[in-house]
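Starting off, we have a lone chain in the form predicted on its own, written out as structure tokens.
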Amino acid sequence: MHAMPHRKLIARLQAFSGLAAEDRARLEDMPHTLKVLADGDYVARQGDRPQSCAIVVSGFLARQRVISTRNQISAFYVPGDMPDLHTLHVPVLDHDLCSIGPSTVALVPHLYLGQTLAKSATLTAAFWRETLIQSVIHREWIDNLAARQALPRLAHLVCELAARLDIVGLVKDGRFELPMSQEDLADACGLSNVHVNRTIQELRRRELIDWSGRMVEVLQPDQLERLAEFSAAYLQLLKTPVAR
């Protein structure tokens, strides 16, 4: 296929790695299958042995796992992310990869990725960088869950998602779409649904955000970031121009 629904990922790899023409061609010609998902549909389940890697084309995915009796979301993925690149080397998935709201993914066969990376040290380094970015974001999530109270914890998540969506051109005038339910946010923040609802209401009361349905508007970004103790420094590697 010559259409590039995964162009946001390709733009990031090109911008940072100075790819040669043949490497760019390999990325542009990646064979892929588009999969359209409804809210709650799974890309893959815990215990699966995926034969392809997913690239988020549109919408959101979540990495989640049931621990004891509670579902825990440990990551959200936005367009341009490649959430299961590690399955090239770790064959058995240890979590579920699930759609949050409607989404579309491009599935690229492991066989093609493995053969392609074997031919190019530059592409290998570029994809390794993608896994490192996800590791950095994951460490920030752990710190957020462990060290912050509910209000700054949820504020930090909103700040991060706003920053990541802005990088891929999905924020306009401070407004962006978040299809997560309050239950999803509770699972991501380690809070109860009631606590999440009260926390959102408090952010509204302080006039830091306007959250109506699936749309969020950050009204006072500096104040929200101050409350969240948010610094986008850990996302700097993502900040490249992307194809829209």
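For every residue, the number given is its place in the sequence shown, counted from 1. Keep in mind that what you see is a predicted model, and the values were worked out from it rather than measured.
Same protein, other form: the form predicted in complex with the DNA, not shown, and the subject of what follows.
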Though only this chain appears here, would residue 183 touch the DNA in the predicted complex if you measure heavy atom gaps against 4.5 Å? yes
Look up in the predicted complex whether residue 190 has a non-hydrogen atom within 4.5 angstroms of the DNA, and give yes or no. yes
If you check in the predicted complex, is residue 35 within 4.5 Å of the DNA, heavy atoms only? no
Are any of the heavy atoms in residue 26 no more than 4.5 Å from a heavy atom of the DNA in the predicted complex? no
Only one of 45-53, 60-68, 215-223, 195-203 has heavy atoms within 4.5 Å of the DNA in the predicted complex; I'd like to know which. 195-203
With the partner omitted here, the residue among 111, 132, 150, 90 that in the predicted complex has a heavy atom within 4.5 Å of the DNA is 150
